[in-house]
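What follows is one chain in structure tokens, specifically the form predicted on its own.
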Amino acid sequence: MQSPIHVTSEIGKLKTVMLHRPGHEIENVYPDILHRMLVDDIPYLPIAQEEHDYFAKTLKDQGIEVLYFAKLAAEALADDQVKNEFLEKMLAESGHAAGAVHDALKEYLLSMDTQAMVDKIIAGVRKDEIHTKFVSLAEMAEDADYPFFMDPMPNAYFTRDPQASIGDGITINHMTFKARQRESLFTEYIIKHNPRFANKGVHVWRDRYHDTRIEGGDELVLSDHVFAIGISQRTSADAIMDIARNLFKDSNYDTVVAIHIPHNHAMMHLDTVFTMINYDQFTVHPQILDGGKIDTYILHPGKDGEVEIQHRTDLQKVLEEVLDKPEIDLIPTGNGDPIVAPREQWNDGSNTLTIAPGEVVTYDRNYVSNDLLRKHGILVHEVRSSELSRGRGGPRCMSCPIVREDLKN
């Protein structure tokens, strides 16, 4: 039985992808809560939706099946018992495990059809939407001026992060900050209960019930046996060791390459500074390389379930070694210009979505990087980006590949 998830590279022809079209969660963000929501700006929703539709159409025009995260979630909750269980968990993770607010929220959400309920949870529930009799001082006084009972999820259109496909399985991620942690609860129920995935042999390489952090933007599937991951602001070394052990035990993956990138908001994930676009070509933000050097660790299975670790600093040589290539072409964001490179990296110039070997989708605003990619023989599909880019994520961040064709070596 073929697994409904099958991703053995970053560059194999993309067959199926999961997206989330931005919704009213974007309009529930206002300046005072930008930091709480992990966003820097507020996209204008009508244009952001137009841009996202153009992105989806660009993929569909290449024969790629587009699945929508919220629709998959609603399909997973078709059974009333499953829906009730999910809602209890979501309310608890939203800070309302019991009490009058819990009861009012549950009644309000269950009054909707399932798709509307999913959309509302993602959008957030304001206090003025429901009526409840407060029964404790804590409920009356805590965050009295805060307008939400359930926070919006404005980062949900970056579907790469709550989960990531590896081989015939998936990681369902414990994300770093509270603002995003509830997103992967939807993923858990999609994998367990959506007919497309349930009981179809999908391996969960790591579930969301951990203390150590990991996000999908740090996860790159370089080949059918080599997996790369960023040690970053959003993914910890402990989580990497856990995934490595699981992959070495139960999959064909025998090599994990951990790349240590700066721990800051501008470079929050590995895929904001480094992506694979062809058999032997990668984009790279030049500022992560100190004279061509960056701390890189090669992990292999050792004896008795242990993991062997080798420390290297030459990323190019590491890639040549693990991918068995005589030479690797590292293409610098913004052509390495000291002003253009950080500007285009801020607007996700390195965050390319590869849809086939040597064929990528990028933001149109990063014209210097895009021209350089073309000079290196890459076919570039540009998508509109004036509003989507305000969320700090590019085409790779906005997409979770579900099925890719295997590479023909």
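None of these values were measured; they are calculated from a predicted model. Note that residue numbering begins at 1 and tracks the sequence as displayed.
We do not show the form predicted together with a small molecule, though everything after this point is about it.
Residue 351 belongs to the set of residues with a heavy atom inside 4.5 Å of the small molecule in the model of the complex. Taking the partner from the other structure, the small molecule in the model of the complex has a heavy atom within 4.5 Å of a heavy atom of residue 217. Of the heavy atoms in residue 401, none are within 4.5 Å of the small molecule in the model of the complex. Not displayed here, the small molecule is approached by residue 180 to within 4.5 Å at the level of heavy atoms in the model of the complex. Taking 227, 274, 158, 86 one by one, only a single residue has any non-hydrogen atom within 4.5 Å of the small molecule in the model of the complex, and it is 158. In summary, among the residues 42, 38, 340, 373, the only one with a non-hydrogen atom within 4.5 Å of the small molecule in the model of the complex is 38. Only one of 86-94, 122-130, 296-304, 158-166 lies within 4.5 Å of the small molecule in the model of the complex by heavy atoms, and it is 158-166.
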